[in-house]
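A single chain, nothing else alongside it, follows as structure tokens in the form predicted on its own.
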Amino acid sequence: MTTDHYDIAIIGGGPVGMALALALRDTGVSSILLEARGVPENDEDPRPLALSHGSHLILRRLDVWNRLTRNTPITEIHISNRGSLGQTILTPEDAGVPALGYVVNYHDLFCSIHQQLLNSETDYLAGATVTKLDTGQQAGTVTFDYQGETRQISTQLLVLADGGKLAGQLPQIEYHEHDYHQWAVVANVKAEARQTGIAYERFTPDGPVALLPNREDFALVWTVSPVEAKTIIALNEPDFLVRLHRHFGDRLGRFISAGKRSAFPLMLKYAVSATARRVALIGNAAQTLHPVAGQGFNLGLRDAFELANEITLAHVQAREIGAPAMLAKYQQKRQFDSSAVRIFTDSLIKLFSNENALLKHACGLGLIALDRTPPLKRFVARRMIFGARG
């Protein structure tokens, strides 16, 4: 079996893995992207993605943004807590940006990055199933099946962007996990009130419910218990709309139609270290977060962008790619951002998802204080948009 060599081998061809491959084009660094699945042909994934303005800037640099013609700007974010007084309204002026973010469909984003990747002539194999990973002091080795053949490559740096599925083969990688015992129900919904660029994040004892502007209507992310998720998915459309209105409130009037619904479990999972010997983790392989505040994908995209910068800098300075010094620098840069976002989202769920009257009142006062303190609003808004260095 012949072994080809690449500077970088990226395992996982989702948007984060593809973004890293795109960021390495024209740098002189050789890379290959391996993806087990084929390309999805149908727009069957209703998941909305809230891209921060910072992610929008990264996608522009990757020449992807101009392909995302179906994007909806977020011009305000309304944050409230059901059953208590107080709310916070964030605007672009609070953060000094033209828009707080943009809502896109996951499938649209995937196809836009994928097409740009194909245009870049990057080495990319779809339908390549990785069967074995090995890492040594000098290089890593990837064994995979492709078109009925077993192939092998060696690499200076192995990047896992596969959600962590293959990390179990590498004993140096350790994860911490916490099950929220919540599920997210997602769908596109239409209300009596048309969307006007406002994203609503409403906290309830069962978990947050978010309505994001999505073209003329809204993208729903509704957090419920596992039992409730099954019940809600099974409801007919009129009963689903009535139940959503009862849960969210009358701010948008009645809900009048809904698209396909889907649900998935929510948990916190993160690697103790985003690096190991000849290995770097990005995206959901490094951390999986609760969708509250829409931080997960934006954090993963920053992982890819920062790693590409470190790889390119090492190449330009004739330093060894994947060496301990390079990986330590990447880990140091990402640890603060990842930890800060993880603690922020986890704390929101623990503080707001409860029936404690005293804590609920304190959270309401906190929202009022945030809304009336412009420097604090700017601090929070910019870190939601740009990460811990905001």
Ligand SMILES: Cc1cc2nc3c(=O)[nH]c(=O)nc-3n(C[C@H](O)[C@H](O)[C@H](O)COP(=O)(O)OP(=O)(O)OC[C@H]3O[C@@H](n4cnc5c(N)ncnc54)[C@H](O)[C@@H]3O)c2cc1C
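Keep in mind that what you see is a predicted model, and the values were worked out from it rather than measured. One rule holds for the numbers: they count along the sequence shown, beginning at 1.
There is also a form predicted in complex with the named molecule; it is not shown, and the following applies to it.
Looking at residue 36, you'd find a heavy atom of it within 4.5 angstroms of the named molecule in the model of the complex. The shortest heavy atom separation between residue 277 and the named molecule in the model of the complex exceeds 4.5 Å. Using a 4.5 angstroms limit between non-hydrogen atoms, residue 129 touches the named molecule in the model of the complex. Shown alone here, residue 184 lies within 4.5 Å of the named molecule in the model of the complex, counting heavy atoms only.
Every residue of the trio 16, 106 and 295 has some heavy atom no more than 4.5 Å from the named molecule in the model of the complex.
Of the residues given (244, 166, 191, 209), 166 alone sits with a heavy atom within 4.5 Å of the named molecule in the model of the complex.
Between the options 214, 88, 112, 284, the residue in contact with the named molecule in the model of the complex by a heavy atom within 4.5 angstroms is 284. Per the 4.5 Å heavy atom criterion, the named molecule in the model of the complex is contacted by stretch 48-56, the sole one of 48-56, 63-71, 23-31, 323-331.
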